[in-house]
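The chain below stands alone and is given in C-alpha cells; this is the form predicted on its own.
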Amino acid sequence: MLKLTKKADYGLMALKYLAERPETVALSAKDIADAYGIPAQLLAKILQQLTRAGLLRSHAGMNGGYALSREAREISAYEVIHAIDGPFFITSCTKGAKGCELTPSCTIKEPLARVNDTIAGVLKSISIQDLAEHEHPHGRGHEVNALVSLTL
C-alpha cells in the first residue's frame, strides 16, 4: 500500500483550502488548521517549508498569513509532496541505493522504477485546482483518497 506522510497530506489540504478561497489575500496557519482539525504548530512548519519551496507566499502583519504563489492549476500535487517529503520512491532500490546484495540478480528493480515513474506522473498531472474542485463524499480532509479517486 502506498501512503503519503501526514505532513504531505496536511500540505495538500492546506493548499486545497487556499485554492478554494482565491478572493482571500492571506490565511493564517491557525485558520487552516482549525478548518481541518489538525495541529496548528505542525501546519505552520509545513507552510514554512512550502513557502521556502516557492509554492506559497507569506504575508507578515496583522492580517498576514499564507497565499498560493501561483494559480492553483499551476501547482501539482507532486510539487507539494516533493517539497515536504523529498523525492518520491516506491522502494529504496529504485533510487540507486548501494549495499543491496541482490542488485546483480534483481528482476524487479526496473519494473518498480517504471511503477514509481507512473505514480509520479499521475501526481504531476493532478493540480491543486483539481483537488479544490473535487468534492469528497466523506467531508473534510482525506486528500490522499481524493488523489486516488481522481485518477480512477
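Computed from a predicted model, the values in this text were never measured in an experiment. All residue numbers are counted from 1 along the displayed sequence.
Although it is not shown, the form predicted in complex with the DNA is what the next lines describe.
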Against the DNA in the predicted complex, would residue 39 count as a contact residue? Criterion: heavy atoms within 4.5 Å. yes
Heavy atom of residue 127 within 4.5 Å of the DNA in the predicted complex: no
Partner proximity in the predicted complex: residue 10 to the DNA, non-hydrogen atom cutoff 4.5 Å: yes
Looking in the predicted complex, any heavy atom of residue 61 within 4.5 Å of the DNA? yes
48, 69, 91, 118: which sits within 4.5 Å of the DNA in the predicted complex by any heavy atom? 48
